[in-house]
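As a starting point, one isolated chain is supplied in structure tokens, in the form predicted alone.
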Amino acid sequence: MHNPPDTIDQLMQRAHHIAGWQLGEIAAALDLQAPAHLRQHKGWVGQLLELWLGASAGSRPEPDFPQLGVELKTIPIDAQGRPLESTYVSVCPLTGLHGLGWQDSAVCHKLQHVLWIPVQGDKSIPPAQRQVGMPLLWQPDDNEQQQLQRDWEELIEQVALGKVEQITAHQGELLQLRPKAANRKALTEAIGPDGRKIMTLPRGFYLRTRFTRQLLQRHFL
């Protein structure tokens, strides 16, 4: 495992170093064993790359490299280089929203500077044999920043108005809000339609695949 990188250049050197490697090779370099499949090891790919790159935030609501302000996002892609799933950003607060603004939100903090690392995601390829692609360091431009803020504010406003259970995955241009729970019993408190507390599934903010697809195409094609 690497120590946290001191500079963005050092971080990018580490990311470029493993472009073209298989996940099994990275695991072996860290004295780890690659799982046979990812069904019970959903976060394994991200955790492996965090170890290699020296991420230090753990599960705290701040970027993975807090000293650099950079968030790491691994993105599973198909043979054509297209993202296979939406990208989880952060959990959505469902109570205590008074005074919470975009600038203070975990979504804003995590998306100011993102290191994207594409990884082969085809389920027919064993995890150990999946290849890592070229890294991409991204910062949202003014348009993306405004749209992310707009999406976040519209979704949070609905949560604050007690409409969390009416929000669908179709809402939001770049961001969407979806249930995020290991199972249907993992309920949490939220604001109900009449302002009283209700129990509902936790929600998470996700970046849409059409947005991440455009992002990758813009930089790699």
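Position 1 is the first residue in the sequence shown; the rest follow in order. None of these values were measured; they are calculated from a predicted model.
The form predicted together with the DNA is left out here; the points below concern that form.
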Just checking whether Gln40 would be counted as a contact of the DNA in the predicted complex - the rule being heavy atoms within 4.5 angstroms. yes
Is there a heavy atom of Pro135 no more than 4.5 Å from a heavy atom of the DNA in the predicted complex? no
Contact flag, Gln149 vs the DNA in the predicted complex, heavy atom cut 4.5 Å: no
Using a 4.5 Å heavy atom cut-off, state whether Lys180 contacts the DNA in the predicted complex. yes
Going by heavy atom distances of 4.5 angstroms or less, which of Leu51, Ala29, Leu187, Ala160 would be at the interface with the DNA in the predicted complex? Leu187
Any residue of 109-133 that, in the predicted complex, places a heavy atom within 4.5 Å of the DNA: Lys110, Lys123
